[in-house]
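This document opens with one chain alone, in structure tokens, the form predicted alone.
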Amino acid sequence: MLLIDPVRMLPSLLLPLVGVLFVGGFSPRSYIWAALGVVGTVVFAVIRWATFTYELVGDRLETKRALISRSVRTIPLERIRGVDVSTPPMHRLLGLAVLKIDTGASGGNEEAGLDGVTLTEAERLKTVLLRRTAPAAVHPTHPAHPARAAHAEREIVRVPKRWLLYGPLSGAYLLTPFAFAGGAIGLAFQWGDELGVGRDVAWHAGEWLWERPYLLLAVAVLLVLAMPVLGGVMYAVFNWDFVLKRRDGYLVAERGLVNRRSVSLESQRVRGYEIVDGLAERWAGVVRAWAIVTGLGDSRTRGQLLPDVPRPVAYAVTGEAVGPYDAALRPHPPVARNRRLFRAIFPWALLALLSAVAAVATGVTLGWILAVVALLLAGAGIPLGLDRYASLGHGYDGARLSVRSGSLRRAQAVIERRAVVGWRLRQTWFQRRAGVLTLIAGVGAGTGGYEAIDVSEAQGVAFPTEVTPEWLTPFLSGPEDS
């Protein structure tokens, strides 16, 4: 850690150190001050290392930091909801790991971390910190019972390397080339003078390209062509050798090439899963999956169950890891289709009409071009609106309910019945006119609520009554039944 901390602090110290050297004219005194700055980071690392200790005391973990004042943080083991083990490049070279602890009291955020424990110690602590007393509701013969799972580790799925080729379809990393370009421009603006190339080099380069539109177009085309390549590389780096396994009553997801990360999700806190796909993924027949877990911080990263995999594989894995959903989704009323078609077509059709009127009034050719483009977009809105309607659905199989919506990003949530803590009916003025509403299942996990959009008013009453009859049936009974 005396090596890792100074190296980790160097990026934030680079600009001040370079500034000291330039201000001092690269004189012996400026070198001395820069050297003192480096020595200061090492001293700070020594102090951090020497004043931090951790200890397992009975049923709690205590972390202590003592320098001028003494700070003690105590975390009961029963409050620990997740333990992540990651190995950044420097740690991996030195055989170390970073262990992060999530608890319910911190709202799902990291409450404690051990940076720089050995890999062996990290795995030992992970096992100890995640140990639980079996709840009375779990029978000793149940697979999740600690007595049966204590020494069991079973691999659910290992994503083949060839499936990493699906990465660019997700769109998560497609903007990587533009991010790199923006970072380079920002670096030139911020450190141009210190690096000896001048702060205005990026501005002058932009002016030079602007005066050569064909070259500017070529650069833009190259960045666009690089999107799937660099995006696919970044996706592969983050999801390399993705493995989902069940161990000691936990779902454990391991992934990463440069920074290997292991995330543990307590099976008893998993309330369902969400299957997501975009248009390109849908055409290729692949989806992604996340777990819906109570008290999970950074769920979009930590809750990932699967990267892009073929749809049948995703359904099989989520069914085995969490539980299957065995019912068809029910369609929403035809008025929901009309609403989607209207919203996908009308704005562009109105823009085309206004552009055509402006072109006739002013005689500007640009207005006609804009009108044609708007008409094409209005035509493209027809299949988009139909797809958005086809994506709507909700259902219940007696154990789990499911809701689905979206087109460019379609998401289907599957939630255990026991996770539902309430229902909410929401109806805008336009929905009231159309006779539809949005039904929201309140869930104490994930995003907190999952929507069935534009269901009929009859469905908005019947579906909650079917899922949780003990809550709503008394309110629906007539006087003669009471």
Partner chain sequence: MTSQGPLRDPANRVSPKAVRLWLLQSLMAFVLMLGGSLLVARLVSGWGWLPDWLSEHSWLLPVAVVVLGLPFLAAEPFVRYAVHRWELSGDVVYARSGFLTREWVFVPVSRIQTVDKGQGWFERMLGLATLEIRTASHAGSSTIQGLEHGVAAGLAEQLARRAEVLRDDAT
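Positions refer to the first chain, counted from 1. All values reported here derive from a predicted model rather than from experimental measurement.
Omitted here: the form predicted together with its partner chain. The next part is about that form.
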{"property": "is_contact(Gly444, its partner chain) in the predicted complex, heavy atom dist at most 4.5 Å", "result": "yes"}
{"property": "Touches its partner chain in the predicted complex: Thr51 (any heavy atom, 4.5 Å)", "result": "no"}
{"property": "Exercise: Val461 in contact with its partner chain in the predicted complex, heavy atom 4.5 Å", "result": "yes"}
{"property": "Residue contact check: Thr127 to its partner chain in the predicted complex, 4.5 Å heavy atom", "result": "no"}
{"property": "Candidate spot Thr294, Thr428 and Gly448, all three touching its partner chain in the predicted complex (heavy atom, 4.5 Å)", "result": "yes"}
{"property": "Residues within 4.5 Å of its partner chain in the predicted complex, restricted to 421-438 and counted by heavy atom", "result": "Val421, Gly422, Trp423, Arg424, Leu425, Arg426, Gln427, Thr428, Trp429, Arg432, Leu437"}
